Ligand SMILES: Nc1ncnc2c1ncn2[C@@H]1O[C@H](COP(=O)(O)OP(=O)(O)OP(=O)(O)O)[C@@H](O)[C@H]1O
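Only one chain is shown below, in structure tokens, and it's the form predicted alone.
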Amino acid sequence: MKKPENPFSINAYHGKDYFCNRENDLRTLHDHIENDRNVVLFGWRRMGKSALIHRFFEDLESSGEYETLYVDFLATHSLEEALKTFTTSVYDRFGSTKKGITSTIQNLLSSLGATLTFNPMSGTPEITLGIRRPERSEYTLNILGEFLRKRKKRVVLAIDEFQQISSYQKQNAEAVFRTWAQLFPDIRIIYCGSHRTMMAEMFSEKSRPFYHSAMLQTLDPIPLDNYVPFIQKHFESKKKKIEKELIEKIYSWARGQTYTVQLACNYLFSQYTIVKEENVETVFDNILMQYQAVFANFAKILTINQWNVLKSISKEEPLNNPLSRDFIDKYQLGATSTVSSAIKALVRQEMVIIDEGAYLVHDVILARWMARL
């Protein structure tokens, strides 16, 4: 893995030297996997779930006892797309060698009736499954499960953005994947999701197929006490300097969200040798300016009431009682019933979250931008 130019990565995992702490989360994952428990790893967006999985997988691979597979369902909208993504991930992980495609992968693709081609522009593999019937989908999953079960080492599979399967229409995807997981108990599974509410409901509601089928593990913000030495170490490695008080300011502004902390530090590291308070404010301004065109469109997507309530919450956060007369009157939001309806819609979309009883705008950068309106 190439060493990054900037130690504060915002796009990919670059190795343990650029990964801040989460030792407790890693220990918990190790305990679950080593004791044959599947895991549900969920938390608010941009808390670093994917990076944690890659860091954990690095440990597992180094032990020599496991093989790992990462699959991302974010861009999938149907069971067919999910299975294509799954198959492509298996090919990417196990199929390519210096001598070409392995015989086991060739046998797998043949069993699936899959067609493998290569994009003439990018050279990347493109797999076509030709799935048309529900029973064919289950057959494809079972073939993939047999392939993973027969690996010489135990396989740990992480499925990112797993909540997507609950939105597949008329396909009973939750039941299909739950049955598959029961058929292959040797495969350890980490179900990851950034839609905290949907993930919690999927694994805690008695009427759902995945009810109590995995251990729930919530990902919380990295403590400030861990971030301070991590950030200062990387600045000092290039003879740069940032004071603890300024890191505390960044952490507070970012609400402890991993991505936003990393983003602010990425800018500061690239632009300044000795970071001053005005530099931090300049970076905050630049970040908000870059997102302005995107955020301005939200006013067209939301109703007027939803927009006004969202803006008001951003100015007050953390907000404990959005239906209080003081809050409604302060921002002239109208009738209590109107505010209640807007909040329910915003919470359902997870634009607003409820964290330890307080209402917050989910996207931290959006919250900071709206607070200035």
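Residue numbers here begin at 1 and follow the sequence given. It should be emphasised that the depicted structure is a prediction, and the values quoted were computed from it without experimental measurement.
Keep in mind the form predicted together with this ligand is missing from the figure; the text below concerns it.
Enquirer: For the spot marked by Asp31, Tyr91 and Leu157, is every residue within 4.5 Å of this ligand in the predicted complex through some heavy atom?
Expert: None of them does, since no heavy atom lies within 4.5 Å of the partner.
Enquirer: Only one of Ala214, Ile222, Leu112, Leu246 comes within 4.5 Å of this ligand in the predicted complex by heavy atoms, so just point that one out.
Expert: Only one option qualifies, and that one is Ile222.
Enquirer: Report whether the minimum heavy atom distance between Asn11 and this ligand in the predicted complex is within 4.5 Å.
Expert: The answer is yes: Asn11 has a heavy atom within 4.5 Å of this ligand.
Enquirer: So in the predicted complex, does any heavy atom of Cys20 sit within 4.5 Å of this ligand?
Expert: Looking in the predicted complex, residue contacts with this ligand include Cys20, since a heavy atom lies within 4.5 Å.
Enquirer: Does at least one non-hydrogen atom of Asn305 fall within 4.5 angstroms of this ligand in the predicted complex?
Expert: Taking the distances in the predicted complex, the answer for Asn305 is no, it never comes within 4.5 Å of this ligand.
Enquirer: Any chance Pro322 has a heavy atom within 4.5 Å of this ligand in the predicted complex?
Expert: So Pro322 does not count as contacting this ligand.
Enquirer: Using a 4.5 Å heavy atom cut-off, which of 139 to 147, 236 to 244, 222 to 230, 294 to 302 contacts this ligand in the predicted complex?
Expert: Among the candidates, contact is made by 222 to 230.
Enquirer: Would you give me the residues of 259 to 293 that have any heavy atom within 4.5 Å of this ligand in the predicted complex, in order from first to last?
Expert: The stretch 259 to 293, when checked against this ligand in the predicted complex, contributes Tyr259, Gln262 at the 4.5 Å heavy-atom cut-off.
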